[in-house]
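Form predicted alone, single chain, as structure tokens, below.
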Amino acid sequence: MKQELLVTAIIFLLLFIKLSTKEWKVETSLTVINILLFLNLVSGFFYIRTGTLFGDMFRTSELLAFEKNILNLGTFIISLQSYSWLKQHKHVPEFFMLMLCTLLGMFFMLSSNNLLMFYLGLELSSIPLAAMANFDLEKRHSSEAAMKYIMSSAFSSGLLLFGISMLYGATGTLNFDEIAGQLTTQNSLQVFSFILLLAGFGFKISAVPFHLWTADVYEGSPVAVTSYLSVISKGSVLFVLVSVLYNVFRGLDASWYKMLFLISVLTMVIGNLFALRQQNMKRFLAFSSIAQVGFILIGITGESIEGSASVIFFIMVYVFSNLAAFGVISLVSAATGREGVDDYKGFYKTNPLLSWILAIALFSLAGVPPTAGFFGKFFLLLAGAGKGNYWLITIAALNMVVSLYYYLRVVKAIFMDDNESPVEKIHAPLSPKIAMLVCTAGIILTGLMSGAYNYIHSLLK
């Protein structure tokens, strides 16, 4: 439990900082917190112990440690990117306490080998996110986003609990290994309880038709929270979904393959069609992220080591790509308050470096070679093709063409369109510069070098 204990220690340290009589400057607090998060990230790569705790309710392995390190990296990047926004806030320690509580919940959820441990981790990772969405207290949109998120989260949690209780009634156990040995497609109660569990997962990953909260919450939340919801929260649930489907519900694979086939097609098509119409950058990336989930579900349908490896690799690439885009949007929003797609017309004339970072991020999200996003989608489609369902691959390829159009629409606005009142020159602090440099390097290097995918594949073997 090294990684969980380290995050808990940082939370308590921030609590003591907040309660201390000494009044810390915001810049000092941010510097100290970023150093702590960096040390937490680095420590995740050393002294990795594997085993189980709490009567086999908690387990850890090298693969789980790597997945937690991806989440740690994303959290650290978001912290660096949020510098311009957070330095205007009084409640910096509170923001990071909430964020690290959600991260701790995700860690417990990833390591769970029991439905109760999984549910506790899920709730710990969800409830503080509503407070984070409402962190811009003076903005009505922020409060609205928090209300919509907490209502949707409560509904999905209710479905999950109902599914868990029915699964317990059908199998007599909450342990993942014991459940896996008892599942059969002949038992309609087990199949129905799985449908409820899948619906709960669908809410958390914004899969269609459980996506209706996503765009409003993304738009109303602060940019830092939107990027956290889009990347860290969604990525952690997808990690768990792959593990649960492959290890626990392997006995129902004939049923869940058909469900995932339908959900992935709907998610890709509807996400892309709505992304075409968006004029707000956060709503645009919200529907873009919904479409990306459709591609990830294709990789999961492959039901193989390659399927797992492609999903984990794509989420790692998605962390770099999405956070690079959100990093630029965060700087522009903090400096000017402008978040519309049209506001980025002529952006290259005043901010050439930021324009290239945003363009590279969008190319990666679209799957344009040689960026890492191309290889991520290629591995997902290759894993999905392993089942021989070429209709699904054809639909995905057509959707990639549609997604290329709306990503290039933003790139065209940045480099080719004129604007009477373009965004002025933005002077980024050091922290966001480091974050965007890491993201851009990640997009290029993971695309050109095969080491990351091979390492993930070796962990799964």
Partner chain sequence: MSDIPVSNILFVSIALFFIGMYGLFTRRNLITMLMSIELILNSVNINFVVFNKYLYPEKLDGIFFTIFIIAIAAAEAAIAIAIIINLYRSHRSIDVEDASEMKY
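A quick note: this is a predicted structure, and the numbers were derived from the prediction, not measured. Residue numbers count along the first chain shown, from 1.
What comes next is about the form predicted together with the partner chain, which does not appear here.
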Inset, instruction - Given that the partner is absent here, state which listed stretch (140-148, 319-327, 230-238, 345-353) has heavy atoms within 4.5 Å of the partner chain in the predicted bound form. - result: 140-148
Inset, instruction - Considering only heavy atoms, tell me if residue 294 and the partner chain come within 4.5 Å of each other in the predicted bound form. - result: no
Legend entry - 4.5 Å heavy atom contact, residue 387 and the partner chain in the predicted bound form: no
Inset, instruction - Please check if residue 220 has a heavy atom lying within 4.5 Å of any heavy atom of the partner chain in the predicted bound form. - result: yes
Inset, instruction - Answer with yes or no whether residue 177 is in contact with the partner chain in the predicted bound form, where contact means some heavy atom within 4.5 Å. - result: no
Legend entry - Residue among 272, 113, 84, 157 with a heavy atom within 4.5 Å of the partner chain in the predicted bound form: 157
Legend entry - The single option of 333, 278, 255, 243 touching the partner chain in the predicted bound form, heavy atom within 4.5 Å: 278
Inset, instruction - Please state whether every one of the three residues 410, 441 and 452 places a non-hydrogen atom within 4.5 angstroms of the partner chain in the predicted bound form. - result: no
Legend entry - Heavy atom contacts to the partner chain in the predicted bound form at 4.5 Å, residues of 118-140 in sequence order: 119, 120, 123, 127, 130, 131, 134, 137, 140
